[in-house]
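The form predicted on its own is given below as one chain in structure tokens.
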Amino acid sequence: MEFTKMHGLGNDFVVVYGEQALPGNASELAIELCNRFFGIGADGLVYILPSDNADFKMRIINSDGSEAEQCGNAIRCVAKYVYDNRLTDKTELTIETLGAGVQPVKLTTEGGKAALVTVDMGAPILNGLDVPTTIDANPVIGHTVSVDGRDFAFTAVSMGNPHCVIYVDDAANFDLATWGPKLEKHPLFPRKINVEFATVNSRGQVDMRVWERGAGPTLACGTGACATLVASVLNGKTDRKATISLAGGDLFIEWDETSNRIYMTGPAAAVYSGTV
């Protein structure tokens, strides 16, 4: 199997092109290949597949073998892959995802290769039962979740995958390893959840660290950055355009008031290609 190792701000993937459908052993392959000691090492295994509804289809298998509905960093990697490898000459294309439908993508190119990728991430889902949580409210803002005697106030957002945004004093140094897995699997979240810990520094900039469902701590999460902006607007903490600073770098996120759609702009990079 030929692959390309790629990343979006350090959120890294084994990207595979050429299959006609998701292989039956994709879960087992993801667990094996994503292992950082005995495999290639990655947060997820990404397949670029044919689509009847878009230019390409993306399927993402997390490093634990579970499937992700959507991934903002992966979709930027897919867009760069298909353009840089001349699978398309379009700088505006569409990519079908499992959880967020068909998403338009716009490329900014330099020297014949994609440099920045802007993705129309769609409208956020704010109804608690649809995120999903077990909370019948729309939206879910400042709701308390209790873990091991500690209470966290969270805002729930779905970007095609579920997110729980929590504000802390120092996101960059927050203890992800202790609280991330406990919140991810809390009974309030029937399909588990991605957990973002955020610190708002101004109305245009937020520090965020993420514990990703099925992958653990990652250097960046595109949908998580989108969810963080949405939550910050709902809580009156930021404007509708802001830079979300992650461990791996910055993403620029905009929540358009007229269309209600989220736009994410950031880089993607190819590291190396190989055969396994």
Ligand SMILES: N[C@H](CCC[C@H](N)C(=O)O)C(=O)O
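Since the model is a prediction, treat every value here as computed from it, not as a measurement. Residue positions are given as counts along the sequence shown, with the first one as 1.
Another form, the form predicted in complex with the named molecule, is not on view; read the next lines as being about it.
Among the residues Ala42, Ala68, Ile48, Val230, the one placing a heavy atom within 4.5 Å of the named molecule in the predicted bound form is Ala68. Contact here is defined as any heavy atom lying within 4.5 Å of the named molecule in the predicted bound form, and by that definition not a single one of Thr155, Thr199 and Arg209 is a contact residue. Interface residue remark: Ser245 is not counted as part of the site for the named molecule in the predicted bound form, having no heavy atom within 4.5 Å. Taking the partner from the other structure, the named molecule in the predicted bound form has a heavy atom within 4.5 Å of a heavy atom of Asn62. The stretch in contact with the named molecule in the predicted bound form, judged by heavy atoms within 4.5 Å, is 222-230, chosen from 26-34, 236-244, 48-56, 222-230. Scanning 1-35 for heavy atoms within 4.5 Å of the named molecule in the predicted bound form gives Asn11, Phe13 in sequence order.
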